[in-house]
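Shown here is one chain on its own, the form predicted alone, set out as structure tokens.
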Amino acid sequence: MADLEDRQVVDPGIDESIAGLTPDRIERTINRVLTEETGARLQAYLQTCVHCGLCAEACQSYISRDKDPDYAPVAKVKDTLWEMVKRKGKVDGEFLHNAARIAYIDCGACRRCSMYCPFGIDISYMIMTVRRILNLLGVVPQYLQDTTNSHAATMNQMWVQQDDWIDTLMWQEEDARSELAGARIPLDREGAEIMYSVIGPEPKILAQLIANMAIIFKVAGADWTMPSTDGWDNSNMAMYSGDFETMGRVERLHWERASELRVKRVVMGECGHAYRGAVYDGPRWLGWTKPPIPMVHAVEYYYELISSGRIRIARKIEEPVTVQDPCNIVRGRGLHDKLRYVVNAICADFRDMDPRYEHNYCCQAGGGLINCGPPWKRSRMKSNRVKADQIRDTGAHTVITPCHNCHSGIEDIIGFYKLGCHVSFISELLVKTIEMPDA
């Protein structure tokens, strides 16, 4: 039986929305998605699964919760989507409440389980289908829905207004120049080689990361720019709430802005889900085969700069470090080797996690989980015991997290399990270790 404490969490976005639904609307919405938005792919998955349970041992919430069978990936699908199909949409409010907890809280859509399925079934896709249905019914955790509303209203995740965006860039340019003379944050430079894009939390609560990149770009002699208007945010929590219409609007504007600036490529900051939204899920929903302009993740760009000698490492971080493998750039993009190349270049005592690479455990904050807010934090932490053990076993003082959700999620784990270490983005370590010009 799933954890009683988790099932009793009060979330107005789920509870109050369900109270206003009618049986007819529930049935029509479920059948609309099943008949109009899915097809052979979903049918193949549902009909292929033999309930073998091999996916269970791949799921960290299942392992962390003493192998409670309710937390096995196959059970999560069986208790949500399979029942919707089996009952032809005739489910009630109690069912939807349980389905929302499973789809939004118990599964981070990290796709680790799919690696262990003998048939390669994409369980994440099926859980995202459940989220899509719940979104169309208005049944979304309140905090996650608020984030989606911010995307819809302001085209960024954090309700950052236009004047706040410009003020933040000016402030961070000043900070960068205080560290390195001549550092700039060029705006709207048409024809630049690179458009640098960030996610909403950076100008809101982590503005120093923008100054870090201004320093790195200056040392590398990069030809770069940033947009001054909406389209600068490449995060997309609407993708995880199931609001694919807003997801598409956000991604279209981001790529339109890059196209207007006529840049040769987009370098995005240290975020995993933003890469997934901008390169995979967003373009597919828009009917594109790929983005109109090449995009590289910050890890790829750091690797390029260090391996080519465009930036040089003058000193190394001496304290022991480990690194988190963000799901969407390691399992989804295969950047594990480049990530470790960068970490080894700037750190003297790197201690890898076990398991590592694409087999590494998720931070259990991505997939929209951390955006579900304080009501669900304890549930996330209970599903992360195996991650805490994994970090503790490295003996590292710093966990390098080249992803915003990983950074926040592992910060929560460190506090909850009292691990006594801290987290860091790569850019924070790079500006401490790279060779600066004499000027």
Partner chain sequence: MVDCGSWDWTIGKRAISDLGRVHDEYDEVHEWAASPDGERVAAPVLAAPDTFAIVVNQERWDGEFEKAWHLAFTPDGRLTALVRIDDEWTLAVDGEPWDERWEFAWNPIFNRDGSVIALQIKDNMEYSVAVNGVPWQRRFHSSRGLAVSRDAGRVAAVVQVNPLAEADTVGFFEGTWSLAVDDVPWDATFINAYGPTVSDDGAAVAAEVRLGICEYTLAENAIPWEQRYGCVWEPSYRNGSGRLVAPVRIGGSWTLAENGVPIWGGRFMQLWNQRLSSDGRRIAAVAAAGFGRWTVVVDDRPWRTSFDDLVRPPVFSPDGARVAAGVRRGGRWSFAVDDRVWPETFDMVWDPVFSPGGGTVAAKIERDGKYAVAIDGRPWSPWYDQLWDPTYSPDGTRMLIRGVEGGRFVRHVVGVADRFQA
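This one's a predicted model, so the numbers in the text were calculated from it and none came from an experiment. Numbering follows the first chain given and starts at 1.
We do not show the form predicted together with the partner chain, though everything after this point is about it.
Proximity to the partner chain in the predicted complex, taken as heavy atoms within 4.5 Å, picks out 256 to 264 from the listed stretches 317 to 325, 256 to 264, 105 to 113, 80 to 88. In the predicted complex, T246 approaches the partner chain with a heavy atom inside 4.5 Å.
Contact check for E174: a non-hydrogen atom falls within 4.5 Å of the partner chain in the predicted complex. Using a 4.5 angstroms threshold between heavy atoms, T154 counts as touching the partner chain in the predicted complex. For the chain shown alone, E94 is not a contact residue for the partner chain in the predicted complex, no non-hydrogen atom being within 4.5 angstroms.
Among D349, D146, D352, D122, the residue placing a heavy atom within 4.5 Å of the partner chain in the predicted complex is D146. With the partner omitted here, the residue from Q142, N98, Q208, N344 that has a non-hydrogen atom within 4.5 angstroms of the partner chain in the predicted complex is Q142. For a residue to qualify, one of its non-hydrogen atoms must sit within 4.5 Å of the partner chain in the predicted complex; none of T129, P201 and Y417 qualifies. No residues of 351 to 374 lie near the partner chain in the predicted complex, the criterion being any heavy atom within 4.5 Å.
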